[in-house]
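Heads up, the chain below is alone and in the form predicted on its own; it's given as structure tokens.
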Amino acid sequence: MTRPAPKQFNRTQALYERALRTIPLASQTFSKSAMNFVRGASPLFMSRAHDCRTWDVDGNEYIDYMLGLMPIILGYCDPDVDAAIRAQLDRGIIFSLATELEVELAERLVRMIPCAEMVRFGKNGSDATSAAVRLARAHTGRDRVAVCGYHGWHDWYIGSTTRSLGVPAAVRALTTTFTYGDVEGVERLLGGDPNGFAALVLEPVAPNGGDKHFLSALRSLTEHYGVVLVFDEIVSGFRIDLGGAQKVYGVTPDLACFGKAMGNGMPIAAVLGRAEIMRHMEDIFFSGTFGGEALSLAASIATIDKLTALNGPKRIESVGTFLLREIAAVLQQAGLPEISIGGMPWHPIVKVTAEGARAMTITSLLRQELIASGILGGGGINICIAHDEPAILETTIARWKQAASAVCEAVRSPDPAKYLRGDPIRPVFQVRAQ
């Protein structure tokens, strides 16, 4: 199989060295930083994007399966969302008082999402999850929190991970982790301190799927112990269903957090739930200057309306089903048993089953060769409506075949690491069991 010539990244490298002088990591997030790519064989700066394609600063083109870490759900530069933003731009971006847009968007979310009776807006997922925890503490008068999954950068959560630098020990001690699917473990945790836990916060869908029995058991346990059940639907929201995983699995939490895909790339998130709990917002301090920023509100309304009209989650599921089947066949034909693809149709996940240093080498090789072939992606394959085109999907599989062939040659050699054309990937941390 003919392989594409390695891409050139001269401008990326120059920008990276320049950025390091003024920006820690040369990036605003760990996930977009050089840590997650083979530095020297990967782009680190993008210049433009359209539909599901992106172009880096060196002019290299990719089919993008990162999608800005999942905010893009319709496609980059969606004409209807962009038109809504431009129309609002002529009216104003931020105002001295609230706008009707806030009411319109809140009403849409209340109609769509089972637990939603009242809504407040933020700018990112960490805003929403932190607001939910503060609401739970205000409602229960308790301090402790139990968590499962990833919930953002704020102290209450990140202190429970290996990235806890700068978080006081007293704060770290208030958060305890639990394992998805382990009903008995959760029961022991809550029962061991029956008046201590304010909230149980989890992503309702694990990487390999959701468990209705587990979610139902959590609902019963939290009701028994007076704990606020919070679904973090930042990832699952709008992709699995417009009503979130709670609608798919028929388990209604007390509070839920939505974000990422809400505005097709515009910064907006929401915490929503039972009015009895949400009304504590009248007393607790959850207040940000840009919480009612109008361009994002307009974008979110346009995004939700278009997803509804297009039956967006079903189209995403169809694309994901195709990719799961075809990429699995590519990996099998290439003879790469240490790489597999799983997860859910709305969010396929590429897994490396090797251990230790070999796992990181294979992960680095795969990402390097996918980039060389023109696919930008990480461990998760993020899907938007713009991927739902036969030519895009055919090209995706052809590029996966090229990448798999190159990785196969490397892993069958005595020293696979010699095939890396730059520094290997360095893991940030892992909080979701594979």
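Note that residue numbering follows the sequence shown and begins at 1. Fair warning: this is a prediction, and the values are worked out from it, not measured in the lab.
Only in words, not in the display: the form predicted in complex with a small molecule, which the text now covers.
- For the small molecule in the predicted complex, the listed stretch (228-236, 179-187, 285-293, 72-80) containing residues with heavy atoms inside 4.5 Å is 228-236.
- Using a 4.5 angstroms threshold between heavy atoms, S126 counts as touching the small molecule in the predicted complex.
- The small molecule is not drawn, but in the predicted complex it has no heavy atom within 4.5 Å of G342.
- The closest non-hydrogen atom of F214 lies beyond 4.5 Å of the small molecule in the predicted complex.
- In the predicted complex, at least one heavy atom of Y150 sits within 4.5 Å of a heavy atom of the small molecule.
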